[in-house]
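First, one chain by itself in C-alpha cells, the form predicted on its own.
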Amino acid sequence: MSEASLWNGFSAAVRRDLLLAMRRKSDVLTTLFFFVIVTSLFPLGIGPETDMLRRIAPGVLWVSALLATMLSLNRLFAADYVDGTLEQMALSAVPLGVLVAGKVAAHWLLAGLPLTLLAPVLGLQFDMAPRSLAVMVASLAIGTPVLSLIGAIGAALTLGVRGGGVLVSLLVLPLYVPALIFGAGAVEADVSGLGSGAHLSLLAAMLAVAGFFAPWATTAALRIALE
C-alpha cells in the first residue's frame, strides 16, 4: 500500500473521531473541567504561601493532567466496539495499526493538547515564573502524547470487560509513573538551576518508544478482543 493511502487512512481516522467528539462536546468538556477544578482546589486548600505553591505546582499540574487524560480512555474504542465499527476497521484495506494511530492522535488533540494549552493559565495560580511555565508547557507537550499512547494499550486490553474503567487505571497508572517523574522533574530541575534538558530528552525518548510500539501492541489487543 502506498504512503499516500496510509496517510489518507490515518487522517480519515483523525477527522472521524474529531467530528464525533464535536457531537458529544460534554465528553471533551468533562476532561477540561476536571483538570481545571482539581488544579484550582490545591491553592485554596493549601493557602497563600507562595513558596509552597511554587514547589508543588509541577506535581499538581502533572497529576491533574494524568488523571484528566484517564477519564477519556474508556471511550477510546468502546463506542466503535459496540456498534461494529471496530470490526469494519479491522477488515478495511488500511492496516488497523494506522487507524489506531489516527484514533490515538485524535485522543491527544481532544485531551492532551487542551490540557497543555490550559496549563500556563492554571500555573499562574501557583505563582510560577514565566520560565517555569514555558518548561511546564514543553514537558506536557511531549508527555501527554505518551499518556495517550500508553492509555490506548490499556483501553484495548480491557475492551468489552466488565468494570473496564477500573482495570484501565490499574494497568496504565504504573506505566504513567516515569512520564510523571520526568515531566514534573523538568520544571523542578530548571528552577534549581540544573536545566530541564535531560528530563525533556528522556520524555522525548519515551515518546519515540511509545510511538513505535504502542500502536502495534494496541492493534494486537484489539484483534484479541474482536475474536
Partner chain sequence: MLEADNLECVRGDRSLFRDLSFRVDGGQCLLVSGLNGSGKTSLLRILCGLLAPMHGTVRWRGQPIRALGDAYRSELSYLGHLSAVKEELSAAENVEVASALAGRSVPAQAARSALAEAGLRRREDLPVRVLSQGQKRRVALARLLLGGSTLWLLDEPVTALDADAVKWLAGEIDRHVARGGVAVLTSHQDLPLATAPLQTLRLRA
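Positions refer to the first chain, counted from 1. What you see is a predicted model; the values in this text were computed from it and never measured.
Just so you know, the form predicted in complex with the partner chain exists too; it's not on screen, but the next bit is about it.
Contact with the partner chain in the predicted complex, judged by any heavy atom within 4.5 Å, is made by just one of L71, V137, A79, L113: A79. Contact with the partner chain in the predicted complex, judged by any heavy atom within 4.5 Å, is made by just one of L122, M128, L99, I150: L99. Only one of 86-94, 141-149, 105-113, 128-136 lies within 4.5 Å of the partner chain in the predicted complex by heavy atoms, and it is 86-94. The three marked residues, D51, R54 and L180, fail to reach the partner chain in the predicted complex, with no heavy atom of any inside 4.5 Å. Although the partner is absent here, A208 is not a contact residue: none of its heavy atoms lies within 4.5 angstroms of the partner chain in the predicted complex. When the partner chain is considered in the predicted complex, A204 lies well away from it, no heavy atom lying within 4.5 Å. Taking the partner chain as positioned in the predicted complex, the residues of 11-30 that bring a heavy atom within 4.5 Å of it are, in sequence order, A12, A13, R16, L19, L20, R23, R24.
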